[in-house]
Ligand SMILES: Cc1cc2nc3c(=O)[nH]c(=O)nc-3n(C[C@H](O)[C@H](O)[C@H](O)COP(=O)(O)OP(=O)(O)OC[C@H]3O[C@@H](n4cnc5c(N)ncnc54)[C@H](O)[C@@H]3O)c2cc1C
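Heads up, the chain below is alone and in the form predicted alone; it's given as structure tokens.
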Amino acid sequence: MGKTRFTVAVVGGGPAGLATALGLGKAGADVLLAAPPHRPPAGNGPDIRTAALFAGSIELLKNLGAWDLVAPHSAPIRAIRIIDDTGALLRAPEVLFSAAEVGRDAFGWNVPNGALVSALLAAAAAPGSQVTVQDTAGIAEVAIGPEAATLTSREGATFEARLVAGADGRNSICRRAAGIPTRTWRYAQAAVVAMFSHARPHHDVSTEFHRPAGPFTTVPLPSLRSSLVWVEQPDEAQRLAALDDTAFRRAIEERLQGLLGSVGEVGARAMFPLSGLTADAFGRNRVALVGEAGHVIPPIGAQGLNLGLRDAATLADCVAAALADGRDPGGADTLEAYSAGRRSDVTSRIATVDVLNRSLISGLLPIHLARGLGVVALKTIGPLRRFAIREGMQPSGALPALLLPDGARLIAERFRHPASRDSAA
């Protein structure tokens, strides 16, 4: 590849990084995507992860030209059921939240990670995407200069960009280069994830069993299949992950209490510890943090990747505005606007997920009572239910252009920049 100077370099080839690169292309930037060739986790076996993506994230995928390839592998989530399985003396009532309550056909869709990444890569390779994909084993160094940042790959190639979008995970080299501190924490929990088939239909309903060790969640997949996120204490999670298929099927059936009938084929399993991370700023020193480079939360309430995709859409707005005004897309004002635009959303989601998770694992009766009363209020007070549903799906207020229908056109109209495309510095 001869070209080495770009408006923006995106580091990281996961869904958040790919969406960021495509979104910045829609914003008018000339984009380098520095990412390893897509392979299954650990280099072998299928990618068993899925993500429940809310309506705004689905609109983003449509605007990026990826949704048509993802949709056949995905299933709608039309309702969310919460079941108190804590065994507490004061047990909260079962609650069913329906998307129809807020005038939607579905809250979103459950999307397999492998299909999502493949669709985004196809969109990046399509004509007019403004994204140049550089396969690399990784970025070894990011050097921040006064006018641009220089990236050096592990293969020794160098690239220059006025802005670096760090979508390179919780151990982000981009974040370290920008000197952005983080706050981290751990939970005495681990999650086991898998896909499985079952005899009874899920009716497009995602079910969360709230248990003392954490939630046991099933999310619809096409046909008679669902994905599973089972949160347990680390020793128990390790034991579950090591069970043979027959024993693991029985364990799932026991936890489901007959909800989905008999459990059939169970796919590969993975286990990971639960932890949290938040950056002190989401943009500084020519680096914008996207996805887990800026925030990590447990897989509770389907917030993680949705937050990362909102990062991508917000950064696209900020860069488009800078280009329209003739400002530096990696300058301090652009990054301050991005960081401010993400702070409230990220902070509120982290706090909500943390409180919910800790309320489950706490042994204190007053906390269980408060959680139960909250569930009763959500079940019985219609306006509160609808507010909680809307806020859970996306923050209130103005949304970035790419989260709206016809967002590719909207971002061009909102931010008309002088040249048809801003090439490299």
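Residue indices: 1-based, along the sequence shown. Just so it is clear, the structure is predicted and the values come from calculations on it, not from any experiment.
Below, we refer to the form predicted together with the ligand, which is not included among the displayed structures.
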query	finding
All of I80, T218 and L256 within 4.5 Å of the ligand in the predicted bound form, heavy atom check	no
The ligand contact in the predicted bound form: G108, any heavy atom under 4.5 Å	no
is_contact(G25, the ligand) in the predicted bound form, heavy atom dist at most 4.5 Å	no
In the predicted bound form, I139 touching the ligand (heavy atom, 4.5 Å)	yes
Interface membership of G214, the ligand in the predicted bound form, 4.5 Å heavy atom rule	no
Stretch in contact in the predicted bound form with the ligand, which is absent here, among 237-245, 292-300, 178-186, 205-213 (heavy atoms within 4.5 Å)	292-300
Among the candidates P76, G169, G276, P112, the residue which, in the predicted bound form, approaches the ligand to within 4.5 Å (heavy atoms)	G169
Residues in 6-34 with any heavy atom within 4.5 Å of the ligand in the predicted bound form	V11, G12, G13, G14, P15, A16, G17, A34
